[in-house]
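The chain below stands alone and is given in structure tokens; this is the form predicted on its own.
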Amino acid sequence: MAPITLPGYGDIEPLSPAAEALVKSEDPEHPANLIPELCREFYKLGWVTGTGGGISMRQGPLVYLAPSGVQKERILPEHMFVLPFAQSSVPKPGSKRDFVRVPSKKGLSESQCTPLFWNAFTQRDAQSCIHTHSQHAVMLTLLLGKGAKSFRISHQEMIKGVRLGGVGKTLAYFNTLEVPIIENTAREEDLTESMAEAMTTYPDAAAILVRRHGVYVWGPTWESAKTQAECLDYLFEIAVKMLLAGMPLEGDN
């Protein structure tokens, strides 16, 4: 692989000492340290079981990406893929990505979520994107039915933890939260176009639900993305319970 030129870093060759230095830091909030820690927490929540799900973070000109092919609760900093945010071509299904650093451990692969993470980075200027296989998200899309194009709920306290578009001001208790729903595909990366279209159609959406699959959530910081993922999962869970109880999701009932 050819060297990559990065502002502030110079030319970096994948698998070189300079590339390895990108995942070595004593800072607990460095992406290479944070991603494994968060994946362990998400595993405990049942969000990333069976190697599914993931998280990506931007740091300056770099994007740190949790790998596929490894148990998410066992990810280490040296398992990280590092990519330049300024790719030679916009990531899409089947496209070739530019890498600054690839892990030396055999069996690891770049996540198929990569082009979907880029949707959040480019369309919302997000700095972090989280993908979970939460059962609450999956069950909600099933209860709403195949014809449902979005999930709407109002008059719930946890709505206040969600931001307009995922990156703007926080919603209020009386606001109606709406999250679009897209149909699942056989391969994760084939969701790229429908996710991008839903983000355009619903500019205030802070997440995208994928029927029978899970959810993508993003934010202007990793803390915000995590907070919104937690608040949304709470809302998905309570919505499932309300629907099963025959209660409407909107209005002060």
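What you are looking at is a predicted structure, and each value in this text was computed from that prediction instead of being measured. Residues carry their position along the shown sequence, with the first being 1.
Keep in mind that the form predicted in complex with another copy of the chain is missing from the display, and what follows is about it.
Another copy of the chain is not shown here, but in the predicted bound form it comes within 4.5 Å of a heavy atom of residue 158.
The closest heavy atom approach of residue 21 to another copy of the chain in the predicted bound form falls outside 4.5 Å. Within this chain, residue 122 is remote from the site of another copy of the chain in the predicted bound form, having no heavy atom within 4.5 Å. Residue contact check for residue 143: one or more of its heavy atoms lie within 4.5 Å of another copy of the chain in the predicted bound form.
Each of 38, 154 and 186 places at least one heavy atom within 4.5 Å of another copy of the chain in the predicted bound form. Contacts between stretch 130-147 and another copy of the chain, counted in the predicted bound form as any heavy atom lying within 4.5 Å, involve 133, 134, 135, 138, 139, 142, 143, 146, listed in sequence order.
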